[in-house]
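Just one chain is shown here, as structure tokens, and it is the form predicted alone.
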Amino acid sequence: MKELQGGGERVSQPRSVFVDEAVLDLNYIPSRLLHRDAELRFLTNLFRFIVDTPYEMSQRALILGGVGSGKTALAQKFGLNLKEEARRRRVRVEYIHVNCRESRGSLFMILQRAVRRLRPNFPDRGFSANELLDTLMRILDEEDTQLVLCLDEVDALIDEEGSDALYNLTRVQEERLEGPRRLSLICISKDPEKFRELDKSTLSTLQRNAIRMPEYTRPQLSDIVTSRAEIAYRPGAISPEIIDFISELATSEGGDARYAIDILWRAGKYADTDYAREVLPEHVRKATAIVFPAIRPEEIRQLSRHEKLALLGIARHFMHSRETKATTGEAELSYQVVCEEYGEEPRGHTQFWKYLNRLSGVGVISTALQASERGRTQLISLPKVPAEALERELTKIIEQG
């Protein structure tokens, strides 16, 4: 883009579709966790004693749910709220969030990170895990504070150290019968079966306060994507149709909100790369292909010739369409045009419908029935592969015979 200035010419910076892409960072905690109000209230009530009757008890909780179900965001939002309430009530509280997988499933590394959050200059070496746990409790005594330690992806800790690590963490407070209660635990896991590996005593302590996070539904994902897009994007840079497209993709991946937010961000980056004023379906497809490649060239080669021609027609349709879906009639018309180009007699409607079923089974297209005034219409989408890249690969394979 060029602009004239003072008789000369200068290159102007293209306008981004974003106004604040930081809200699409996967570590960003929104002001409100949509569709997790009940879980947040329950978690808050479990630990309310920390500010209501400090030092009188400790607590353990377990957050369970699939990938992208909001487990980490729930715990971190709780931690922010807890510290704010404690500050307001003038109660000393710390919340420390440690990812066990990033800590290689090592209790030593987990405790080292926790201690260094409280004492940044604490030495790296020279202590065992048990000594670090004793040190952590001593620091809490010296600072007269309470700590909620959150162990994210606790599965890694169980894999590496079995029951012993969690047993020591859950029992350390019981060894201080006369002293104030200072250490509470939150464990986060995506695999409830992992806890069957624990001894019964540790398991019963954690399972008593389990919070199960259900998969997000498609309308819920649409709400989440919309709320982030309204802050991250310029007005008019992303349409409701694109938001529905992203929500549909995330629903197919098990209601994964992290996946939806990642696609929302990547699609915007592709729009900026193309100097586009808005996010288009092809930008979403490119973003999706980077995260989860949908189809390999060898899978395309295994299709029959007319299946390839049908898929080529679909790819070309979406290359020139701003819509996220096509009707069967639109796809069949594109297929007929491609057949003419390659000197083939197009097959009838029933056979074309079978081609669509085959392509859907392979996973390269998605089909869904939609009710309308004229009856039920089959809609076709190309969710996880860029139309341009697919067209290029198909053309090469078809021309090679």
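A residue's number is simply how far along the shown sequence it sits, counting from 1. Bear in mind that the values here come from a model prediction, so they are computed numbers and not experimental data.
Keep in mind the form predicted together with a small molecule is missing from the figure; the text below concerns it.
Among heavy atoms of Ser69, some come within 4.5 Å of the small molecule in the model of the complex.
Within this chain, Leu151 is remote from the site of the small molecule in the model of the complex, having no heavy atom within 4.5 Å. Contact check for Arg48: every heavy atom lies farther than 4.5 Å from the small molecule in the model of the complex. None of the heavy atoms of Leu249 is located within 4.5 Å of the small molecule in the model of the complex. Only one of the listed residues (Val98, Ala165, Leu136, Ala73) places a non-hydrogen atom within 4.5 angstroms of the small molecule in the model of the complex, and that residue is Ala73.
Only one of the listed residues (Arg316, Lys286, Arg228, Arg182) places a non-hydrogen atom within 4.5 angstroms of the small molecule in the model of the complex, and that residue is Arg228. Picking from 26 to 34, 362 to 370, 335 to 343, 40 to 48 the stretch near the small molecule in the model of the complex, with a 4.5 Å limit on heavy atoms, gives 26 to 34.
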